[in-house]
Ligand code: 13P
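The chain that follows stands alone, in the form predicted on its own, written as structure tokens.
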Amino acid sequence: MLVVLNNKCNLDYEEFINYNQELNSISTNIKLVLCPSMLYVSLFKSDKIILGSQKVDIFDMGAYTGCVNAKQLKSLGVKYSLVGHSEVRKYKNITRDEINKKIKKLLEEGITPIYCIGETQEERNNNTYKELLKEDILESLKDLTNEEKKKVIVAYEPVWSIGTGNIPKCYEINEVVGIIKEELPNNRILYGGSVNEENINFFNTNCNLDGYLLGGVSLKINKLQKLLNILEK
């Protein structure tokens, strides 16, 4: 079981320092990865929680103002990195080709990519989501060897569920897991989208998943602890 905490663009400096202390008080045997806001990657300290990143760019070292490369992330102890999150796709307009290049850069540095995919409500209503998800996987992981592909973690986050409180039924999640497994039979699959301490048992007992990508609840230590306790039962 892997649980990834995505803080997104939250917390000011003092809030993050307090959050870091509180997060280190979490008691769990579950493997936890924290992806803090990029400003705080170098500030995070923990002996039991693994450091992740929300961002990586396609460039190496050089004159690329505002960019962060995989080698820099590795030097800070980053072990995992989100790639292709729907909010980045929306606000930064990244392409599948860019996602592909970012995944390759991460793998070159030994950082595990957490590749995010998911459909919009319109794509689900139009019943085009299956084909689009398959296309996304094929294009985003093109030219990777089978061994490289196995190292990629896939995070399924239906765009219409993120932050809305609307969650898919488990048969819908399991259907998408099946679609992913057709292309990537050996990969771990996480789910993200309005997961919290009140519905985690529903997901964990009914859905075929290897872990979770948590957004809002990652910022609320008490609720996060309750969620982890349920997962460990």
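Note that the structure is a prediction, hence the values are computed from the model and not measured. Residue positions are given as counts along the sequence shown, with the first one as 1.
Same protein, other form: the form predicted in complex with ligand 13P, not shown, and the subject of what follows.
Shown alone here, E119 lies farther than 4.5 Å from ligand 13P in the predicted bound form, counting heavy atoms only.
A residue is said to contact a partner when one of its heavy atoms sits within 4.5 Å of a partner heavy atom; S161 meets this definition for ligand 13P in the predicted bound form.
Taking the partner from the other structure, ligand 13P in the predicted bound form has a heavy atom within 4.5 Å of a heavy atom of L213. Contact check for K8: a non-hydrogen atom falls within 4.5 Å of ligand 13P in the predicted bound form. Partner proximity in the predicted bound form, defined as non-hydrogen atoms within 4.5 angstroms of ligand 13P, places exactly one of 83-91, 69-77, 143-151, 127-135 at the interface: 83-91.
With the partner omitted here, the residue from N174, N187, S194, T28 that has a non-hydrogen atom within 4.5 angstroms of ligand 13P in the predicted bound form is S194. Taking ligand 13P as it sits in the predicted bound form, the stretch 146-160 comes within 4.5 angstroms of it through a non-hydrogen atom at just one residue, E157.
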